[in-house]
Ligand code: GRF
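First, one chain by itself: the form predicted alone, in structure tokens.
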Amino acid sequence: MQKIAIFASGTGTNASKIIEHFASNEEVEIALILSNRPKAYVLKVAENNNIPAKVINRSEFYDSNDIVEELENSEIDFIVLAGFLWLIPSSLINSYPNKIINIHPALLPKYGGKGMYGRFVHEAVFNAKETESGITIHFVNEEYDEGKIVFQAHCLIDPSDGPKEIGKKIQELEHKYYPIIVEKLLRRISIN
């Protein structure tokens, strides 16, 4: 049994899709959901799916080894960031080398870095008059959006698309591909 922890800061739509994807898989368990926001809807998603959840604070995340210990105690094998906005500390990256992935709502290396998430990315893509955008799934390192790219999917942007329309197209790609790529990466880990 491979156990996944999902880190999320918001509504949990990607977390929901991942939970749904693995619901009937007897070899994978979504074992823990962590959020840095006490009112994040993802905590309700966890409750609705009977998944243990924890709200974490900045001090325990950055100034202690509490989170690494919590993950180890829960026998977590793999970490999925699904709209989690804090930079991951080195202690966590070193404890889970090449076992933490993130999804970014643009085609990295474009439109990445601190502060580039959600609507801010879609507005930047729109303002640059891009004709395409997409998603990037990448391993996590000590910098925002700079880890090794695992997968990208593209979508065309129509001249009439505003940031909201771009966001909808991106979310469709996220929901379609993120669970599948997580599963492929888990298979690769279990082979090694």
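In case it trips you up, residue 1 is the first one in the sequence shown, and so on. It should be emphasised that the depicted structure is a prediction, and the values quoted were computed from it without experimental measurement.
One more form of this protein, predicted together with the ligand, exists but is not displayed; see below.
Taking non-hydrogen atoms only, P179 never approaches the ligand to within 4.5 angstroms in the model of the complex. Contact annotation for A82: at least one heavy atom lies within 4.5 Å of the ligand in the model of the complex. Residue contact check for I76: none of its heavy atoms lie within 4.5 Å of the ligand in the model of the complex.
Under a 4.5 angstroms non-hydrogen atom cutoff, the ligand in the model of the complex has I103 among its neighbouring residues. Using a 4.5 Å heavy atom cutoff, T11, N14 and Q171 all lie near the ligand in the model of the complex.
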